[in-house]
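Form predicted alone, single chain, as structure tokens, below.
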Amino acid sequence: MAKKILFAVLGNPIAHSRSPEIHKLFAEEFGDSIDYQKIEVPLGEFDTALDNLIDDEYLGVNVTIPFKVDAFKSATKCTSRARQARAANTLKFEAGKILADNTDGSGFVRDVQQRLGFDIANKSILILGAGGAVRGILPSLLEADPRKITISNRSLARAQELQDEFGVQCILYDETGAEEYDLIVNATPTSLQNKAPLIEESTFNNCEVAYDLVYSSKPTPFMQMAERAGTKIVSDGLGMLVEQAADSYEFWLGRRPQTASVYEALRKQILASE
């Protein structure tokens, strides 16, 4: 019997992660024999956890909150998008080296453009929030050649860091109604708190796509606001989750899984668990 290829997702907390189910479906597609674990890493012990996994002959790991910056710092070599994001969600252990990538942005762009059928090129985009999630998606989003990206945040200090680094515009929440946007992305934690972001419903006037990076069995308050305003396409972040996982799988094993059936299966699992 072939030896199983070992993978894991590291985070704190980690019990909620859907990554094992996703990668199990990917492996079945190719007939790969894998073992994918959820590992909760105590705060301050990320490097120790990596050393233990390398000793145990793991091939790679996914990394989620709050360790993406630690993952980036641990790497021997990084992809350009990991360097730009200054964070990594995927590590591969190879010949004594730690290779790092950030597939969040590529997963987001692929989901928006392929599953939702929205071409980002020459579009005006509003992103709510200025945290690590935004930094993760900006490099891939800029590669898709939008006309303009505006970052809106409660305070301008963090948004201005992104403005200086990526050349995007930054504004406060109460300034979002000054113009119209084709795509509005919620990258704030408000949906996890079952709250809507601090913007007016009129911000969605003539918006084509509203996208919440959080995934949920029910429309989030952000999604509900967008629907009330008549936004044409409203989505949560489940598709991004599946697409970034597929990019991770390709980073590890050199082959990219099909994702449509995995997305549907995961959506059914989430609905059934509620």
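For every residue, the number given is its place in the sequence shown, counted from 1. Source: prediction; values computed, not measured.
Same protein, other form: the form predicted in complex with a small molecule, not shown, and the subject of what follows.
The putative spot formed by Ala15, Pro42 and Leu53 is not touched by the small molecule in the predicted bound form; no residue has a non-hydrogen atom within 4.5 angstroms of it. Proximity of Arg115 to the small molecule in the predicted bound form falls outside the 4.5 Å heavy atom cutoff. In the predicted bound form, the small molecule lies within 4.5 Å of some heavy atom of Asn153.
Although the partner is absent from this view, Gly131 contacts the small molecule in the predicted bound form, with a non-hydrogen atom inside 4.5 angstroms. Looking at Gly237, you'd find a heavy atom of it within 4.5 angstroms of the small molecule in the predicted bound form.
Here is the short version: of Leu241, Ala27, Met223, Cys207, the single residue with a heavy atom within 4.5 Å of the small molecule in the predicted bound form is Leu241. Note on contacts: among Asn122, Gln193, Gln169, Thr76, the single residue with a heavy atom within 4.5 Å of the small molecule in the predicted bound form is Gln193.
The stretch in contact with the small molecule in the predicted bound form, judged by heavy atoms within 4.5 Å, is 154-162, chosen from 91-99, 141-149, 77-85, 154-162.
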